[in-house]
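One chain is shown next in structure tokens, namely the form predicted alone.
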């Protein structure tokens, strides 16, 4: 199968291309399409990236070509890593509304081209932020089940790692998911946490210890307070800032550590690419595997008996044809409240483009 990476020369796009080859996700008979823009430096850099990848991985690289127009994108799996990102430096906060306004045109251009020229079976993995907007735009054009956002999977991997660190085990022994929105409105689903080697009672005690008597009802305030403290330390003592994060509960660390990483001047490209390649590998594997991702829901799951509609990160079954089922049991009450709030915020963010649940047409709502 062939994979196209939109925005191949960006920080995350470049990492995705590299990891696809290094992890040998694509055999030599497959094709990796590097997609850039025809204007500016992107065209030059995309050709340069192709030469660099061939030079580095000639023995096991797939066929690599370059596309500089949305109409030239051809692949079974399309990774959307194109668009503007937030600058990585202290004091810069991401204006999600402005980011959405800038990247909507990028999402729309590729979505329209894929709908016009594609096979009708492509699976799209959205990486660019806001992930939820990218999923909504792509799903409206291509069908809901063919589009998944990687944000919830990245947050899930981070959550599992932080839980594993607290327990003194490796991440592969920890299960559990993060739902909601990629960003401050993520929802750590503590009720889904499982740990290899612990029975139900041991797991409940371990989770209670890690949560320290907290609930998600106060999570938003904790996030705001954490960012306020870290914003001061990032310019005076970055090492102390990272040390401080180590003292916090796992779910707060899930947000604080990557936020501080970005504020430090570094980026989270390697982690984002790793999560993305996981999803691509899952699609190409030929088996159905449970992951988490942002998807466009149309009543496949509910909270407190209320069906969910619109884009939301949830655990899903992902396979060669996209996602098929949502695997979200009734969450704990504090998780349900935060999920409902997050769903409303995502819907409000999508409304200006007619993609919120209150503005979608019947055809949009039923697309599959």
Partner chain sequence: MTGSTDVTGSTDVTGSTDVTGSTDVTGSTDVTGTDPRWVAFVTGADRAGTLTALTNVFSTRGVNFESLSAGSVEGDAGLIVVTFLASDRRRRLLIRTVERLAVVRSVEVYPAEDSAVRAAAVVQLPRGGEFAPPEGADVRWSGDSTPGRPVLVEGTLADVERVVAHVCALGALSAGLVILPPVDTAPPT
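Positions refer to the first chain, counted from 1. Here the structure is a predicted model, which is why all the values come from computation and not from measurement.
There is another form of this protein, the form predicted together with the partner chain, and it is not shown here; the text below is about that form.
Asker: Among 103-111, 208-216, 125-133, 74-82, which stretch sits within 4.5 Å of the partner chain in the predicted bound form, heavy atoms only?
Answerer: That would be 74-82.
Asker: Have a look at 303, 56, 326, 66 for me and say which one sits with a heavy atom within 4.5 Å of the partner chain in the predicted bound form.
Answerer: Comparing distances to the partner chain in the predicted bound form, the residue within 4.5 Å is 66.
Asker: Can you work out whether residue 118 and the partner chain are in contact in the predicted bound form, taking contact to mean some heavy atom pair no more than 4.5 Å apart?
Answerer: So residue 118 counts as contacting the partner chain.
Asker: Spell out, yes or no, whether the shortest heavy atom distance between residue 337 and the partner chain in the predicted bound form is within 4.5 Å.
Answerer: Answer no; every heavy atom of residue 337 is more than 4.5 Å from the partner chain in the predicted bound form.
Asker: Would you mind checking 1-22 for residues with a heavy atom within 4.5 Å of the partner chain in the predicted bound form?
Answerer: Read in sequence order, the residues that approach the partner chain (within 4.5 Å, in the predicted bound form) are 1, 2.
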